[in-house]
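First, one chain by itself in structure tokens, the form predicted alone.
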């Protein structure tokens, strides 16, 4: 499901390079850009997986609603990330904009057709699939951790690697989002973050506590047993 929320004409990227994928032939393809307001669904679970997406700006969460009403977030997609590539014909998760987000779209069929004749694009797709599998395995291990502090430490280390724009780690997601990603309660996540602050591992900028400065990465890594 997608709706263009900005009616102004947007410059349309027209090559796989614009989609963040290398190509031997750099074929001209049709890409579109759409903007989603905060909290807007990009696509729903079990909807046809006809498109592949790349985040130009903003952030997206992929999640499932469990039978008891709880939400399990499977992944956070940040600027530059490509998502929505499925093994089957339907999406397995719902994707939703965490903040106002602009994405690029390419038809999955178009991407697959290019991959048939372009070895580099085929390698790109294989790499994307491998990265997604590795993330799923890492997330499974994270959910199996014994302590909440280890999970929160692992999450902060992951975000530190992915949010590399500056020394300040500006988290787009809320603590509720973090809790649903880590399989913890909101209160447990808040206690763990406060404990790390008391230990001098991290500091806050502003009142929302979403802008974090890591003061002691070595100590944080020591709390992550998988690191």
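Quick caveat: nothing in here was measured; it's all calculated off a predicted structure. Residue numbers count along the first chain shown, from 1.
The following text describes the form predicted in complex with the DNA, which does not appear among the structures shown.
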Want to guess which of 141 to 149, 72 to 80, 124 to 132, 100 to 108 is within 4.5 Å of the DNA in the model of the complex, heavy atoms only? 141 to 149
Can any non-hydrogen atom of residue 31 be found within 4.5 angstroms of the DNA in the model of the complex? no
Interface membership of residue 57, the DNA in the model of the complex, 4.5 Å heavy atom rule: no
Answer for residue 187 alone: is it within 4.5 Å of the DNA in the model of the complex, judged on heavy atom distances? yes
Considering non-hydrogen atoms and a 4.5 Å limit, does the DNA approach residue 218 in the model of the complex? no
Which of the residues spanning 199 to 217 lie within 4.5 Å of the DNA in the model of the complex, based on heavy atoms? 204, 207, 209, 210
